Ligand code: GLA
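First, one chain by itself in structure tokens, the form predicted on its own.
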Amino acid sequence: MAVEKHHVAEHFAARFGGSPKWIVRSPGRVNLIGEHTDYNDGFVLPLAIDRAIWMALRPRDDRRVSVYSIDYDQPGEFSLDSLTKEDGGWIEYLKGTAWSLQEAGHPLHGFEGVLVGDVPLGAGLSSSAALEMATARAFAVVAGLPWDPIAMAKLGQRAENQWIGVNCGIMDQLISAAGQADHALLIDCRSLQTETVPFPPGVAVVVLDTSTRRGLVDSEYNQRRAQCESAAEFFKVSALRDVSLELFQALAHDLDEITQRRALHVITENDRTLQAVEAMRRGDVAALGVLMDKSHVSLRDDYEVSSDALNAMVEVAAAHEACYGARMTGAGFGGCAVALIHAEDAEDFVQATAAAYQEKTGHTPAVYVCRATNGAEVVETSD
């Protein structure tokens, strides 16, 4: 963490002269369990990870925002008085967040800043939500706005939905805004109530990047949402969150086979997520691992959002004796898997799993041993 903080401050000084007034950090996330449940008003259990977007910044005396991205080696600039959508890449996330905050009535002020991140792009670790929440945190500290994680997450989601044009649920922004060190966060995606869930001692979370990226994800994602909405309409409920397994089993025979399977995944995944919370609270890591394994099977077979690479990664991870459980995580069709392992064996697990995956697929993976960190925060202030 000290390295990134120093890095972004140095670049700020080189670009703008002098020191930044603030440094903010906003994490990526990995979802432990509860996949494709968020847009069904269900439950998810993510954690904020120690890979993040960092921004060093200081206020300007006008209404312009001028930011340089180290990762893209590119400046971006816009006026808070004339926000217009363009095909501007990364800067659109800042503009969209500014638009959303101003639409909600927040008075914003201009700033200049430098951005850097180590959240892998397109891997399903929510680099976009991390950027939105870093931007929201920056605007909040410059304007002296109170930091309300749920309200800010909603505004970040609105930016993603309406400015960027990605129809995401609330999970990514909320965990990036509200994460807590050493805890997962149970999110009720209907009420947005959150509950911190402590990690049992001696376990580590490992993110396993398949080095494949998500093809077809937008069209397939929208198709899955439509199938879930169709199933909810069939059961005469507002969302699949309200369908018990008993009700499903009693009536599902009148649904077409594909919609049946989509609904079955969501209903059982919500149950698995709540069971996972109970397992974590009683320190039953083995039970948690079994639930993760079952989640992957359901995502692979019923929801059909896995891929050959993800399946291979989960298989080699699960074969290691240190692994309690493993599953694909994120939207699917590529990206990452997540494994829960015995922490003392992390080094051997990383080496063995990476080698086995590469031998099986020919892809070179990236493997990150992660810990749960705080959500978006101001990590340094200079007076």
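Position 1 is the first residue in the sequence shown; the rest follow in order. What you see is a predicted model; the values in this text were computed from it and never measured.
Not on display, but discussed next: the form predicted together with the ligand.
- Residue heavy atoms within 4.5 Å of the ligand in the predicted complex occur in exactly one stretch of 109-117, 170-178, 251-259, 234-242, and that stretch is 170-178.
- When contacts are defined as a non-hydrogen atom within 4.5 Å, none of Trp22, Phe139 and Val378 contacts the ligand in the predicted complex.
- Within this chain, Asp38 lines the site of the ligand in the predicted complex, having a heavy atom no more than 4.5 Å away.
- In the predicted complex, the ligand sits within 4.5 Å of a heavy atom of Ala331.
- Contact check for Phe78: no non-hydrogen atom falls within 4.5 Å of the ligand in the predicted complex.
- Not displayed here, the ligand is approached by Tyr221 to within 4.5 Å at the level of heavy atoms in the predicted complex.
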